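First, one chain by itself: the form predicted on its own, in structure tokens.
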Amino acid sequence: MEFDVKDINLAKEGKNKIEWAAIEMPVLSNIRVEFSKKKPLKGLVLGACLHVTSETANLMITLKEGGANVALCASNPLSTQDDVAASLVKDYEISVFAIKGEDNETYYRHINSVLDTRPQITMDDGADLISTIHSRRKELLENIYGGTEETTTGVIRLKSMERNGVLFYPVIAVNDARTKHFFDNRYGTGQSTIDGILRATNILLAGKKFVVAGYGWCGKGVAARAKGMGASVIILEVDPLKALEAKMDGFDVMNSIEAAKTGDIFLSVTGNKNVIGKDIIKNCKDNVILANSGHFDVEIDLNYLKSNCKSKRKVRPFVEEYLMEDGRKIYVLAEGRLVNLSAAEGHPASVMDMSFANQALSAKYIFTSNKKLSRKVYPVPEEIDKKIAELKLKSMGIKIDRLTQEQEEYLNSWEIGT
């Protein structure tokens, strides 16, 4: 078994974290028991590029229990929990290639280490495995049944590939499952982002003007939690419907230059490039804080900052100060990478429970149904989505009603009048 982790001796602490997370992941635990008995992934080689956290560890263990040969690398250089990576190798005999803070060269070397296992299913968070296979490792394509994608940014990239006719195997958009984006994106990103900002800065949010760029599910979650902690929330949007929704939800809506003049904290959750760009940076106040919880480290225009500052220094473990030519100080959190995973621990296990249950069951679906799938991006099958919701409710001790036969007939009939 090959691996590359920071220190294998960190395994004991990592195992404790993995077991603690499992307590809050009853749906995945249920699937793990089923997988262990039935081995639905027996013989499968699966390559994953995900955030290497205690929650991800429980997914990897579930897949291995199902019979898969699993290899894992990090989808973000700053999100790896080194003790968890060590435990996966030592205690669970799963190949892991991930070191917190790894440089770009190491990051892609680790991706290629996973691809060297010749995976039959890929599991992505940002589509880096798929992108690397399609651009530099095309010899692997004939061996691949399909893949899954965890996040909004990755799904956007994959749908672009499909439209342009360059996607060469089927992919299930796990991100778009209702049990994923309704909960993971809104409640998970909402809580973990605030957690990351507070851990990095130790500032008081109450009374601050908190600017959120993007009012999708992630933006809604962050905005609600920032408001709940006493911040005055301002929304930036390019979609008129989402901007209108934000206004109707009680938030101020502005354009970037207006917001720049008043905002104390700026957060981008869009998945797009240079969202916190030069217009904001040129007009923002002294001592402003800039953060990203979208995906890659491109949402803040770091190149503009570096080109227009007199100096840069680290003032706290996840806070860098840029002293601008005009004397203003601008603070960037977590090097512009995901603040919730870099400065904190990412989403709580209870929401990742549903996301990773979708991953596990989608991998099983691809393995058993790949012959009928085309080269396109598919939604998570509805029966999987509903099964996960039902399991989650059951784990919470909640019972719900069902439609009677009469009610079903009424809803499905066009002949019954008012």
Ligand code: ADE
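Being a predicted model, the structure only gives us computed values, none of them experimental. Numbers follow the displayed sequence, beginning with 1.
Just so it is clear, the following notes concern the form predicted in complex with the named molecule, a form of the same protein that is not shown.
- When you look in the predicted bound form, the only residue of Ile388, Val380, Ile31, Met352 with a non-hydrogen atom within 4.5 Å of the named molecule is Met352.
- Only one of the listed residues (Ile121, Ala177, Val114, Leu341) places a non-hydrogen atom within 4.5 angstroms of the named molecule in the predicted bound form, and that residue is Leu341.
- Put simply, Asn58 is far from the named molecule in the predicted bound form: not one heavy atom of it is within 4.5 Å.
- The closest non-hydrogen atom of Asp297 lies beyond 4.5 Å of the named molecule in the predicted bound form.
- Within this chain, Thr53 lines the site of the named molecule in the predicted bound form, having a heavy atom no more than 4.5 Å away.
- Contact check for His347: a heavy atom falls within 4.5 Å of the named molecule in the predicted bound form.
- Of the candidate stretches 365-373, 34-42, 352-360, 60-68, only 352-360 contains residues with a heavy atom within 4.5 Å of the named molecule in the predicted bound form.
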